[in-house]
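Given as structure tokens, the chain that follows is alone and in the form predicted alone.
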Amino acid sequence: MADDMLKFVSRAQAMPDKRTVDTRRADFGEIYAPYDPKAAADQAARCSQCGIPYCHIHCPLGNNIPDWLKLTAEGRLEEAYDLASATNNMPEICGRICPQDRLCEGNCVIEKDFDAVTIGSVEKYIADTAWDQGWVKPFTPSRERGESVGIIGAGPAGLAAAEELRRAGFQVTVYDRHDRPGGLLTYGIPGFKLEKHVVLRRTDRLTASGITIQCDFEVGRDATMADLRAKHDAILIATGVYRPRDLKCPGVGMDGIHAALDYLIASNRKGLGDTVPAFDDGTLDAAGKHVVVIGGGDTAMDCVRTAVRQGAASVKCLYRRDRDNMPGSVREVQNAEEEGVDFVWLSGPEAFLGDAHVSAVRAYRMALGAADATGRRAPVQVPDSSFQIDCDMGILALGFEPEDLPVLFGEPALRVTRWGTVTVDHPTMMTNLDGVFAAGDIVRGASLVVWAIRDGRDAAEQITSYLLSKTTAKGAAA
């Protein structure tokens, strides 16, 4: 009913029910219950249907949020899903893991006085309902084309591009180094934010639609870039960035200090039923340990909340700025605090202490100084402020950098920036190698899943134009 909108004055914001702290600390299940149909419709009806929808403008995918909120309020969920999936290849995933408080919900025009519409939770509800009702099916292109595209990386950018290219009729093969597709969706993000069946049903749909996903395939080991270029008419590099940033301080190399992604992959693999020696022997298991996580982004939040669920004796997060300047999701910080994580704000590591194995972190206090070029106040060390924290497991969550792709791929001609990201012509997204494109974090640096999906969609559009132009040129020459 169209007159059921604009209810933000009479209806309060209501998130889906959240599991109790004790129950969610005990397993890796998602912490939010699904909306029931009435609750979802009531929350969608709070949308003000504003003339300039800032939620739409601030969504990297340009999702038509007010339109599918209105359809949800009217009970027209299949239409709502069709609209949501028209701009987003993975709405049920973005609804779960996007930092809505920094994107769509954070820019909702009613947020200041009435609390934002719960856009992410409604998006999740729409998409989960579509899966439950069987509305999400494999697709068949309207026309099959002979050209083939090889995609390196089965993360969100690669999978989004694969779907769009397959819809255009191209033959698509996705290569990935892991034994399951999904990239960080499968191995990096914990189940309490994204249960793995949600990812696997999406990738199963892609294979059922004619996309070949070849796992356990590493470019540079199983084939060179030159091999793939000879096999395919176009290539997309969508590897993401996985190499952890270094921390330079005494003791960082001793036993018990781990990279965040190594820790998260071990936990996720264990949850998937794999044999994980480094977990089973206790190396990457936080049970009974005093855990200190260094960093303040979403990866750090994933680590501290994973450690809680593994039964750590204590979990502390050391971050050099304060709460207001933390890059991670505000909602994730709140969830972590509820679950027992202790945040040590305005603190940085000075040294890791111990003999062969870490036993403590010596840290120092910090203060926020003058603003840098981005407007953020730079942290500065407070003199004579050192203090010590017990630690027998340290996790470094300081962000990620690209691997040396020219060496890894056996393609020294591939041009990269001084940061190691792949250089592209931004209008076309093509590298300096003809027919080789790049998208996602390997171009922009470590970023959000929603941006990776957007980049994958844009790359598919550019690859389609490239291949069609070659076909047209061949026809004209003939």
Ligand code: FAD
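Quick note: we count residues from 1 along the sequence shown, nothing fancier. Since this is a predicted model, take the numbers as computed values, not measurements.
As for the form predicted together with the ligand, it is not shown, yet the points below apply to it.
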Go through 156-164, 307-315, 142-150, 335-343 and give me the stretch that gets within 4.5 Å of the ligand in the predicted bound form, heavy atoms only.
156-164
4.5 Å heavy atom contact, residue 298 to the ligand in the predicted bound form:
yes
Should residue 408 be classed as touching the ligand in the predicted bound form when contacts are defined as heavy atoms within 4.5 Å?
yes
Taking 4.5 angstroms as the cut-off for heavy atoms, does residue 422 touch the ligand in the predicted bound form?
no
Does residue 39 make contact with the ligand in the predicted bound form, using a 4.5 Å heavy atom cut-off?
no
Would you kindly say which of 261, 225, 130, 198 lies with a heavy atom within 4.5 Å of the ligand in the predicted bound form?
261
Listed residue that, although the ligand is not shown, lies within 4.5 Å of it in the predicted bound form (heavy atoms), from 232, 289, 321, 193
193
Does any residue in 52-66 get within 4.5 Å of the ligand in the predicted bound form, counting heavy atoms only, and if so which ones?
none
